[in-house]
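Let's start with one chain on its own, the form predicted on its own, as structure tokens.
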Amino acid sequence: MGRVVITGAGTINPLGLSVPETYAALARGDCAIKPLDIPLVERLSVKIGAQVAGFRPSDHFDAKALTLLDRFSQFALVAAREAMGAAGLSADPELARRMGAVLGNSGGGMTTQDEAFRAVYEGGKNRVHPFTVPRLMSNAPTAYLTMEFGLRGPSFTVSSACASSNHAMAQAAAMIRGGLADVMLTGGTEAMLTFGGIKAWEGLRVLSQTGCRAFCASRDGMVQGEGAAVFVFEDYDHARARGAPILAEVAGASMTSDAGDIVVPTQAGAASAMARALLDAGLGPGDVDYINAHGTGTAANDRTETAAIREVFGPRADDLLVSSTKTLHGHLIGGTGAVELLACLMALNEGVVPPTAHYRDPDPACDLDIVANTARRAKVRAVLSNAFAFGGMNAVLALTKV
């Protein structure tokens, strides 16, 4: 089994339009959750979200490309360009045969869907844009990454709700470990901040109208965000041979299923995912210093995740640093695990653990060492990044320093 390392990272998310901008915002504890600026916002009950600000598509794509690219594809391409540049890679015909892309996404091209539905049902039109299907299909961002960089290896999209990114990255790592590829572009992208996307989530009654306060006693729900993060996963020997920068090792990954309720998480499923990630990485409970929690800010998730952490780590749970960066950048649904992996890389490489924002009152059911409101300096050797999705689908990544 080959070793897998991360040699490049790129992002565009509510906290920043690049990795350095995002790291700086995470370290400051900036919160990107603000009043929404989208069409028909006046008809929404929930009017807050974490939008990508300052992004002008025309700065990155010509008019012809923009006729084909939904917002979630634009995000993925911009993030991938930064990741490839950071890794020192370019479109190489020889490498292309051993390089692919796996991205996570949940909603597909929601902007395109919204526009098409409005044209037909509200505008009374009988035709939609001829590129509606290629714009909205969930595999569009992955396809455009293969075209942008000439990738001819295994490429596909994973859709497992809020665990999509972690599932995608786990699959990418497994392909490299198993010898199917030397390099993979992987991560996730989402652009669900549309009238229809938010209205659908309103129906579940899990959205907060006041902000995300994960693990706090006064928490009242999640807040949606948008954006993407893409990473270069690479075989360790391949990376060393070309002198690539190494940000971290993907030491382990796990994927489990609750086999329970379609929306209510279980302690057993989350605990099993964390325990298996540790086993896969060859780590013990004492080796992990930080957990980037799924931490949505809903009553059920935070309570269940706390119990699962205590089950897996036992007494060590008292010493673990835990934070939910969803309180800063919102819940990017299918793209959230990828952006959260940036927080893990920052903790490993810079010794800065990002905070859980808006934390007010401790909840006895969430009795962990929550990094509250202000980033904390710490020596971090290994981290877990948790993702637990509707449908009881769980994916956890374990990263270590090399």
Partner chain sequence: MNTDTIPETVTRILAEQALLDPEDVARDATLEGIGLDSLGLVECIFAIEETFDITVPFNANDPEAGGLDLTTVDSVIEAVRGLVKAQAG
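Just so it is clear, the structure is predicted and the values come from calculations on it, not from any experiment. Residue numbers count along the first chain shown, from 1.
If you look for the form predicted in complex with the partner chain, you will not find it shown, but the lines that follow are about it.
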The partner chain in the predicted bound form reached by all of 320, 352 and 382, non-hydrogen atom within 4.5 Å:
no
What stretch, of 214-222, 108-116, 126-134, 281-289, brings heavy atoms to within 4.5 Å of the partner chain in the predicted bound form?
214-222
The partner chain isn't shown here, but in the predicted bound form which of 91, 241, 262, 147 has a heavy atom within 4.5 Å of it?
262
The unique member of 84, 77, 207, 198 whose heavy atoms fall within 4.5 Å of the partner chain in the predicted bound form:
207
Residue 256 versus the partner chain, in the predicted bound form: is there a non-hydrogen atom within 4.5 Å?
no
Partner contact for residue 307 in the predicted bound form: the partner chain, 4.5 angstroms, heavy atom:
no
Against the partner chain in the predicted bound form, would residue 203 count as a contact residue? Criterion: heavy atoms within 4.5 Å.
yes
Even though the partner chain is not shown here, does residue 299 get within 4.5 Å of it in the predicted bound form, heavy atoms only?
yes
